[in-house]
Ligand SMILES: NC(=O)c1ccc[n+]([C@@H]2O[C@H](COP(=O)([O-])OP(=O)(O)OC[C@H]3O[C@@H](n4cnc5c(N)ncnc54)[C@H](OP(=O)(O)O)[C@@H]3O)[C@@H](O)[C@H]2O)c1
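Only one chain is shown below, in structure tokens, and it's the form predicted alone.
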Amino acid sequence: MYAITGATGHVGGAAARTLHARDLPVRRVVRDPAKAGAADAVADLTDPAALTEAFRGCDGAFVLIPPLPSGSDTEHRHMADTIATAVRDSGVGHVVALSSWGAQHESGTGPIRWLHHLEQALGGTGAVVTAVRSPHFQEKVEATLGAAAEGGIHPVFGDSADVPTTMVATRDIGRVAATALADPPATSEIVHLDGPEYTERQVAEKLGAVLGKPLDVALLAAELAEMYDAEARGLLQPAGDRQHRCVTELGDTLAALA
């Protein structure tokens, strides 16, 4: 049995579907009882007792820290600590954690610092840990899809729209997570995900083609400026035990989203 947090989201959903396709049992961990099926568990990522029961008896678990738009540093770190507590107390032997490029740094990376904290906390649980460090999601355009579809604008949270950035599809990340769960390593490892590179101007061009209209690129300031600055300063670099290259092209992801 494999416990999957975030199973109603992009990465967790892809991981669950991949395991189902291999006829492997999945226990989705959901917060809303109304969304739970017979094989699922109901637990919030801030409830260590419920999450421990959700992981108990499982061969492996997939974990992540969902973004809290208005959440504080303390709240995000509390979720990481709750997850680690549940992994330790449940006795699950292997955990796959969704992490990010740059998670090897304790600070200076914006919200990525919470994933560093998660990796460190899981490392003290006694479980074998597979940290899957992803670059930007191709699906990040969802956040601004309304502006594109309705206003013809592609907002860019940075100083330039012409810097190539590695972007991978969440379906690829989920497949990597599921594969790691089904075939766990003997010791903890970090998996660095690589993939195709695109500039934000190219994203605007490809998304405009999918929507059937040209998009104007708009450079904006954002709360995530520290993370982009960290990338510009070279902090978000590969740092893993092995590398897995994701293959889904941006056009396929944009077509699915639209």
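Throughout, we count residues from 1 along the sequence that is shown. Please read these numbers as outputs of a predicted model, since none were measured by experiment.
Although it is not shown, the form predicted in complex with the ligand is what the next lines describe.
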* Contacting member of Thr130, Ser134, Thr82, Ser90, with respect to the ligand in the model of the complex [4.5 Å, heavy atom] -> Ser134
* Taking the ligand in the model of the complex as the reference, which of Val26, Val210, Ile190, Leu45 has a non-hydrogen atom within 4.5 Å? -> Leu45
* To do: Counting only non-hydrogen atoms, choose the one of 229-237, 53-61, 199-207, 36-44 that falls within 4.5 Å of the ligand in the model of the complex.
  => 36-44
* Report whether the minimum heavy atom distance between His10 and the ligand in the model of the complex is within 4.5 Å. => yes
* Asked: Quick one: does Thr109 come within 4.5 Å of the ligand in the model of the complex, counting heavy atoms only?
  -> no
* To do: Would you please decide whether Pro214 lies within 4.5 angstroms of the ligand in the model of the complex, comparing each non-hydrogen atom pair?
  => no
* in the model of the complex, Val96 touching the ligand (heavy atom, 4.5 Å) -> no
* Asked: Three residues, Ala177, Gly195 and Thr248; all within 4.5 Å of the ligand in the model of the complex via heavy atoms?
  -> no
* Structure fact -> Taking the ligand in the model of the complex and a 4.5 Å non-hydrogen atom cutoff, the residues of 48-69 making contact are Leu64, Ile65, Pro66, Pro67
